[in-house]
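In C-alpha cells, one chain follows: the form predicted on its own.
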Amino acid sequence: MATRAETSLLGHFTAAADAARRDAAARFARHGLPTVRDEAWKYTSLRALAEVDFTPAEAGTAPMPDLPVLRDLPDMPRLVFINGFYRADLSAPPAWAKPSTAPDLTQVAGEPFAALNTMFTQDGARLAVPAGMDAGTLLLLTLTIGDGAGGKAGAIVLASPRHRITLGAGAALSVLEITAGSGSYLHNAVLEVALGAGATLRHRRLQDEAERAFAVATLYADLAERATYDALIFTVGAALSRTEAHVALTGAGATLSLDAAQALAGRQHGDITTMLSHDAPQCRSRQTIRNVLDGAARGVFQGRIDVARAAQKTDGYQMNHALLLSPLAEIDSKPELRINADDVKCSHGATVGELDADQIFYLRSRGITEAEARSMLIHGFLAEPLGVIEDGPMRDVFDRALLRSLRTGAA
C-alpha cells in the first residue's frame, strides 16, 4: 500500500515527461520510498517523511534569504540556485561554468532518491573544466525556501537540483558547496562527478539546512587513472539528512580522500553512507568520519569497499569516530569490506567515547567555564576533518557553522 508521500509525489508527476523521467517514475512507483527493511536504510527510518504531502518547488524572484550561513561569504565566482532553479540575478559565474535548465538525465543505478530526483529534476550547475586548466574556486549555493506549513496536515516543498562536474585530463577545480534553507521542505539533490586522467577536484560541502528540513544528497563519482577526488562533507542542519556517495575508482592510481563530520543535537538524525568500488590497480581510498551527538541525536555511518579481482595493490581505509555528549545519543556504524583481489591493504575501525572529565577539570582549573571547556574539546575533536580546508575565508565559513551548532545544542 502506497504511503501518503508516495501517493502525493506520483500525483504531481507529469505523465507527458521525457522517457528518462517516465522510467524513473515507473521505478519509484514499483519500489516507493525505502524502509528499514531495505538493508541500505536499516538505520534510517523515513516514517516522518512518508506521512507528508509534497508540492514541487516553483521558480521565483525572491531576494537572497537572510540566513546565518550566508553572512560574510567569501567573494568568489558563484552559481546560486533557489528551490532548485538557477538565479542569474544572484550569480556571478566564470565563463566556463554553465547553469542548465535541461539537465542531462543520465541513467543512474536506481537508488530511490536518485529516481525521485530524475522525476522532478529542475536546474543544475554544469561545471566542465577543459583539459589542463586550473579553474580556481567556485561557490555553489543551493537554497530551499519551504512554505513553513510542514507537519502531517500540510504540504512541504520538494526541491530537486541536479549538478554535474566534469574535469578534463590534468584539470583542477575547487568547489565550495553550501546547502541551506528555511521552513519545511525536502531538498533532494544529485551530483554527478567525472574526473579525467590526472584531474584533481577539491570539494567542500557544508549542509546547514533548516531545522525542520529533510535533506538527501546522492553523489555518483567516476575517477580515471591518477585522478584525485578530495572531499569534505560537514553536516550540522536538517531534522533528517542522508549523504549517499557512490564512488568508482576505474583508472589505475586513482585516489579518493573523503572526510566527513556531523555535529547534531536534539532529535536530529544524520546518515552518511558510502559505497566505493576499487576497479583498477594501485588505487587508494581514505575515509574518516567524525560524529558529535548531543541530546537524542542519532548518527549513522555505513561504509562499503568493494575490491575487484583486477584491483591489485589496492589501499583502502575507513574509520568512524563518535563523541556522545548525552546518554540518549546514539551512533550506528557498519563498515564492510568485499575483497576479490590477493595483493591489497584494506582496514576499517570505529571508536565511541565521551568528553574526558579530566580534560574538562583541567580547563576549568584555568578559569574556563564548563560550557567553554566542552566547546573547546568538541572543536578540537572536529579540527582534523576541517583542517583539510586550505583557503582561509572558506575555512571561516565552516568554523562559523560549527560554532553556531555548538551554541544551539551540541555543546
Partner chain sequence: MDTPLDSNEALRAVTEGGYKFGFETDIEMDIAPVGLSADIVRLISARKNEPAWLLEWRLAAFATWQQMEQPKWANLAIPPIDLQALHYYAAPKKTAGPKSLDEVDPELLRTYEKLGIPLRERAILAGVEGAGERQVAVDAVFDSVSVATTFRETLAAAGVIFCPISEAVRSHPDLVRRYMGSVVPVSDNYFAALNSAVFSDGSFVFVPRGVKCPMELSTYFRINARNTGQFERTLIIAEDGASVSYLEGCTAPQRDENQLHAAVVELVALDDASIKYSTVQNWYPGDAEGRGGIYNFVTKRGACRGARSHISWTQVETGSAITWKYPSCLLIGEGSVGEFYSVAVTANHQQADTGTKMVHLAPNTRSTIVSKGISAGHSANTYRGQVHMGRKAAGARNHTQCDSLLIGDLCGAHTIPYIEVRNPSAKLEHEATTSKLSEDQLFYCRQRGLSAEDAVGMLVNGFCKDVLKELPMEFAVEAQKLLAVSLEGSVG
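Note that the coordinates shown come from a computational prediction; the quantities given were computed from them, not determined experimentally. Positions refer to the first chain, counted from 1.
FYI, the form predicted in complex with the partner chain isn't displayed, but the following is about it.
- The candidate spot formed by 298, 326 and 347 is fully in contact with the partner chain in the predicted bound form: every one of the three has a heavy atom within 4.5 Å.
- With the partner chain omitted here, the record of contacts in the predicted bound form names 337-345 of 117-125, 170-178, 222-230, 337-345, defined by a heavy atom within 4.5 Å.
- In the predicted bound form, residue 61 stays away from the partner chain, with no heavy atom inside 4.5 Å.
- Contact check for residue 330: a non-hydrogen atom falls within 4.5 Å of the partner chain in the predicted bound form.
- Contact check for residue 312: a non-hydrogen atom falls within 4.5 Å of the partner chain in the predicted bound form.
- Contact annotation for residue 352: at least one heavy atom lies within 4.5 Å of the partner chain in the predicted bound form.
- Annotation for 35-64: interface residues with the partner chain in the predicted bound form are 39, 42, 43 [heavy atom within 4.5 Å].
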